[in-house]
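Quick setup: one chain, the form predicted on its own, written in structure tokens, and binding and motion questions come after.
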Amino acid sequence: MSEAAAPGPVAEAVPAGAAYLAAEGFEAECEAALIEAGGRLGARHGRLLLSPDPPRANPWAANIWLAPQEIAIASIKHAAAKLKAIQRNWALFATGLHRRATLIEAALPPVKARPLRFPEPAPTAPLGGWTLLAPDRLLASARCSSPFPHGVVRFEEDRTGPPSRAYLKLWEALTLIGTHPAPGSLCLDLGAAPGGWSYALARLGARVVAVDKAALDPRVTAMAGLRHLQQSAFALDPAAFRAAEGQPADWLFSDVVCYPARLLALVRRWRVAGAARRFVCTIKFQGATDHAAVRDFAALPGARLMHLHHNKHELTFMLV
């Protein structure tokens, strides 16, 4: 189908507050977090929640469109020209009008989001998000909170070494914070069995203390620089650990299955003892989402919470 050129002047772009692309399956949590942070909910377009207010941190958003604008368009070519005039790279999140949106997407420069090879850093090129609100109106944001299309982080997977796929959560968290343990760093992995996170850390050259009452996969136990403390993660005394090692842990990691309040108490105990410098922990929800616990974690100075692409009904807490 041919498209005529834009007929005459079209209205200027209109700022539209912020847009939150909820993590898939967690739209209710994303909406609750927005309202709790003092934001107002406007229109909803599938997982895309619009707000007339400035952007706010939202751990249940896979991606936040930080400066969305409504742009009037007169044709497919005109829409593509409008977007290309702003910047090169755009990711379509289709919420309707799929054929028209796909034709506009085809007129834009291609975005090749290849899988990362960890610890390769996240891409730095600006990547905007856009959708069609109506045949003659699109919503576009040149700035987004995630450098990945729709917040989806994909890796070249290690299908032979790790004993589970949990290592992908760790890779994603470290990629998003932009740093990872250096060779020789002292890493504490609480609730380590069967050893997916410990494996990934040892592969970086870190010194790993893996703590779990259960046994680790023999391939992990055999790795250089790794030792297994076969005991409860919650029974390990932070002050005693620091004294035994002669230093605090450079990193404390936890993917342990426990109630959020118990994990929060553990994090506080290690912080008060000065026994760990950085934290990356999975907050796992059993049953309904514990919003009060999320608030308590977020209140820790310097805390960052997010729902990773590789998370399930859980958030990742980072303090680095």
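Residue positions are given as counts along the sequence shown, with the first one as 1. In this text, all values refer to a predicted model and were calculated from it rather than measured experimentally.
The next section is about a form of this same protein that is not shown, the form predicted together with a small molecule.
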query: Residue 166: touches the small molecule in the predicted complex, heavy atom cutoff 4.5 angstroms; finding: yes
query: Interface membership of residue 181, the small molecule in the predicted complex, 4.5 Å heavy atom rule; finding: no
query: Heavy atom of residue 123 within 4.5 Å of the small molecule in the predicted complex; finding: no
query: In the predicted complex, residue 277 touching the small molecule (heavy atom, 4.5 Å); finding: no
query: Partner-contacting position among 291, 45, 284, 271 - heavy atom within 4.5 Å of the small molecule in the predicted complex; finding: 284
query: In the predicted complex, the residue from 84, 227, 99, 213 that sits within 4.5 Å of the small molecule by heavy atoms; finding: 213
query: Option from 68-76, 147-155, 110-118, 204-212 whose residues, in the predicted complex, bring a heavy atom within 4.5 Å of the small molecule; finding: 204-212
query: Joint contact, 194, 231 and 256 to the small molecule in the predicted complex, by non-hydrogen atom at 4.5 Å; finding: yes
